[in-house]
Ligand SMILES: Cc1cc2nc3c(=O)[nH]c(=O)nc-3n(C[C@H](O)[C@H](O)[C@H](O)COP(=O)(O)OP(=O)(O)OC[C@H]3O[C@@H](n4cnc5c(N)ncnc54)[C@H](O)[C@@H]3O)c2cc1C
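Only one chain is shown below, in structure tokens, and it's the form predicted on its own.
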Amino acid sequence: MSVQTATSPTTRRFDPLACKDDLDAFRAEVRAWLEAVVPADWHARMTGASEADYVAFQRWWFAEMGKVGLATPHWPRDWGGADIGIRHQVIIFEEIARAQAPNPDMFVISLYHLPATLFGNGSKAQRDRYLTGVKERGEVWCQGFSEPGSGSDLASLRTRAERKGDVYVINGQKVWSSYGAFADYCLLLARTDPTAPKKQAGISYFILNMKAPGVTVRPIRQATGQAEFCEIFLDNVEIPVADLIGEENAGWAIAQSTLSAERGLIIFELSERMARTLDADLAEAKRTDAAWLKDDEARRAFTRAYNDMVALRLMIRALMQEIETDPHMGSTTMPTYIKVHFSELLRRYTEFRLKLGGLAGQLRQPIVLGGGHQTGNVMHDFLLSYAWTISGGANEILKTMIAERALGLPR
């Protein structure tokens, strides 16, 4: 695929991070860069695009973000980031949403889950090798947590890791691994002590090279028609001891750091895109004097969604402030609240848009790859919204955790 980078070529060199001491100038530079670099026709080009074209476009977009330091601005400076604060991150995501820029969804594990895992638990050698690999070479990561038969009971995983000399030999199966078909590496949980008294114990955390002998990846066709999720089969796969993260049998606690990223920071950008969508929908309805503005039930549904969106943004900002104060710990409960709140809001609002679209909105249409949950293809957005009620922990399980651990309610 020939990736045309902008509607009007420019020779100007953009450097938003050089303006970070002046928030207005920082915003102006981010906005100017987005106006120059985001192709005006990218939605059309990615509608019904081939897998190869989607991957090429994702890699191009990630590289463009990296050129101006906006691929990893939230990472600490010592590990390849810009060490920027919450106010700058809010501006970045507000402007990305405003520009309706592509979502670098193929890199979501690389940008959020991997650093959340390695910052506090990885060795220096692991951070140097793998964070650099993401930043400089655009390496793609996936996550190998879920297994067939385990459902949301992650601790019951059965994939085995047996140490033999300088390697661990892995056998088992993972499922629902997003972008596994394109991944270079995988964050893998495996059981190293099947005799441990508690099922959460005896689990270790590994870095898996997806090109290693014995790794087989099989995409899963979803209701949307996409194959974002994959099964991963592991047949006597060898992982060097150097790629064990943390101590052997201590993987469960480390996995909570990974899941915190999925339940909190990753939703930051999505919430800004959602806010933009709700504002745009309301403006369009007013402009066209849409019938739903005169319907009490529809107005109540929209108002509830809008209020929930405002609450979501406030929760995320509170989480970001906690992380600014304590980068490695943050809140132990806020990411769970955020994940549950976001996923239920997303499902309700996509259903609202689907109802407004009537029967015509339910017709199968080509999908905008890389468009996230705001593609405008209301049937696709509605179906995809269900994924968020499962990923990062099923909402039913997380609500039980909130009730018992955060609120202290009886079992």
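Note that the structure is a prediction, hence the values are computed from the model and not measured. Residue positions are given as counts along the sequence shown, with the first one as 1.
There is another form of this protein, the form predicted together with the ligand, and it is not shown here; the text below is about that form.
Annotation: pocket blocked; 3 or more atoms of the ligand, superposed via site C-alphas from its pose in the predicted bound form, fall within 2.4 angstroms of backbone or C-beta atoms.
Residues within 4.5 angstroms of the ligand in the predicted bound form, judged by any non-hydrogen atom, belong to 173-181 and to none of the other stretches in 244-252, 317-325, 173-181, 192-200. Among heavy atoms of residue 185, none comes within 4.5 Å of the ligand in the predicted bound form. In the predicted bound form, no heavy atom of residue 22 sits within 4.5 Å of the ligand. Proximity of residue 15 to the ligand in the predicted bound form falls outside the 4.5 Å heavy atom cutoff. Among residues of the shown chain, residue 229 is one whose heavy atoms approach the ligand to within 4.5 Å in the predicted bound form. Shown without its partner, this chain lists 302, 168, 145, 112 as candidates; in the predicted bound form, only 145 has a non-hydrogen atom within 4.5 angstroms of the ligand.
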